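Below sits a lone chain in structure tokens, taken as the form predicted on its own.
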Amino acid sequence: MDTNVRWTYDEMKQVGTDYESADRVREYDERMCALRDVRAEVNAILDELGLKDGDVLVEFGAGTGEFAIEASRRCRRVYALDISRTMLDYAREKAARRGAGEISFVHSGFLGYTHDDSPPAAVVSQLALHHLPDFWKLIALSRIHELLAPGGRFFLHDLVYAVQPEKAAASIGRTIDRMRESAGEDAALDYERHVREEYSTYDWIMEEMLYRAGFHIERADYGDFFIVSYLCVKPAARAR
């Protein structure tokens, strides 16, 4: 699909929480690192992806750079994409401080990215795909499938609604209360904003889009707060 036509969705606009403030980005990074063992989570994902020294990885929605930094120690090059220049600047400075490997920081999203290297062995997206409405999600997933090398893996981690519509209000209300108890008022407000303003979809829609894009889902984990992780593979081309 030509992403330069006038009716193409503007994925470069900020949706939901505004991370154009450097102070806001720093506060978010510090909060996430305090709440979670981010490095252990990243390395668990990298173990599943099975990267080798010569591999290339593309990350859509690189955020504060935690994943890209750890991934750069396992493969030849990481392409870390984000629509926020502030996030990219923060991640670039962090990578330099930590002596990261080869990372190319790219101001881009799912729809406009052009890859000029060998096909990546893996693509990762965490808490970014929900910035696109469903029509554009499938376009993005299809572009990721085309981008990957045959046999390549795609790890998707996002907020997906694994709930029936008639139970959504009660389930989301309980989830916001639990978020407030475990992570504080700011995190609860961010979650409310996400539900109100962003484009998370139902689990059955997400899974169907992954299949229609050409992926095989190897694993699906449904965690707390409607956070779902999918480990997918692009089937290797069949011999003719």
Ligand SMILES: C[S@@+](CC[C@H](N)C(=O)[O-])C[C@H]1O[C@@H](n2cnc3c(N)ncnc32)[C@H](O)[C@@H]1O
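For every residue, the number given is its place in the sequence shown, counted from 1. Keep in mind the model is a prediction, meaning the values are calculated, not measured.
What follows is about the form predicted in complex with the named molecule, which we do not show.
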property	result
L159, heavy atom within 4.5 angstroms of the named molecule in the predicted complex	no
The named molecule contact at F215 in the predicted complex, heavy atom, 4.5 Å	no
4.5 Å heavy atom contact, G152 and the named molecule in the predicted complex	no
Distance check, R36 to the named molecule in the predicted complex, heavy atom within 4.5 Å	yes
Partner-contacting position among Y90, W136, F110, Y79 - heavy atom within 4.5 Å of the named molecule in the predicted complex	F110
Contact segment among 96-104, 71-79, 164-172, 121-129, judged by heavy atoms lying within 4.5 Å of the named molecule in the predicted complex	121-129
